[in-house]
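Shown below, as structure tokens, is a lone chain in the form predicted alone; questions about how it binds or moves come after it.
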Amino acid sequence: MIDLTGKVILVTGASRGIGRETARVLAGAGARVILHSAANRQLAQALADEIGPDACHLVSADLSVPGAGRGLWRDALAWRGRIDVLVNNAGIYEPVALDGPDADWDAGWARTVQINLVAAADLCRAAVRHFQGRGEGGVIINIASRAAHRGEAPDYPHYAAAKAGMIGLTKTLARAYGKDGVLAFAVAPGFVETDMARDALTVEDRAALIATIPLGDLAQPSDVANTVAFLASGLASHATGATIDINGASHVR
């Protein structure tokens, strides 16, 4: 059993899917969890009510706005005066067509890279500076994707590129700031049984996708959440810089 008692953990995109289950698992292991949401404040509040007021705190930020990650960090830090673990989970999966209008292409790339990479990088920067300033180190866990390694469907090149950037960011943080006690990990799921996946997949798409997964189904959010809890514990410090794949062996590196 992972024991996270006493740790304060910020989870972005905590209102649904992977983030929601991750917050549940972390709180169940004893952590105090800061739940970030953007548009889904009602869902985040329901999760907060489930976890309980002493164990969690709500913050809101629209990470599509440049600089919003810095404001989010300040709001999150104000709750307990410290953050021990950052889980960068917030992300979007929105298509952009190669043969569509230039304006749609530009907007799609800008929005996806801002939310999926730049906002996460802003939070990583704030976390490293906080960890250095208190002299105790800390843990950063970035939720990337299988797409970072094998690419993605034709309408999602921006998603794959942003997630590949997330892995490069993680490796850099691990190499540059390990001396300060900063541990950095990436987790790269394939398709996970979430609302986002259900919205993106037709029945035919889902069947074709499952046929490529040796385990015969999509991963569950708990697969990712349990991995995050283990990494957050600090029990595998020398795995810093690593990317953990969770894809049912659909892509083996």
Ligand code: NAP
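Note that the structure is predicted; figures quoted are calculated from it, not measured. All residue numbers refer to positions in the sequence shown, first residue = 1.
From this point on, the text means the form predicted together with the named molecule, which you will not see here.
- Between the named molecule and the residues 29, 38, 47, 225, the one pair within 4.5 Å by heavy atoms in the model of the complex involves 38.
- A single residue from the set 92, 107, 167, 77 has any heavy atom within 4.5 angstroms of the named molecule in the model of the complex; that residue is 92.
- When contacts are judged by a 4.5 Å heavy atom cut-off, residue 205 does not count as touching the named molecule in the model of the complex.
- With a 4.5 Å cutoff on heavy atoms, residue 54 does not count as touching the named molecule in the model of the complex; it lies far away.
- The named molecule in the model of the complex comes within 4.5 Å of no heavy atom belonging to residue 217.
- Using a 4.5 angstroms limit between non-hydrogen atoms, residue 191 touches the named molecule in the model of the complex.
- Judged against the named molecule in the model of the complex with a 4.5 angstroms heavy atom cut-off, the residues 14, 145 and 197 are in contact without exception.
- Only one segment in the set 136-144, 95-103, 79-87, 167-175 has any non-hydrogen atom within 4.5 angstroms of the named molecule in the model of the complex, and it is 136-144.
- Contacts with the named molecule in the model of the complex, taken as any heavy atom within 4.5 Å, map within 154-168 to 159, 163.
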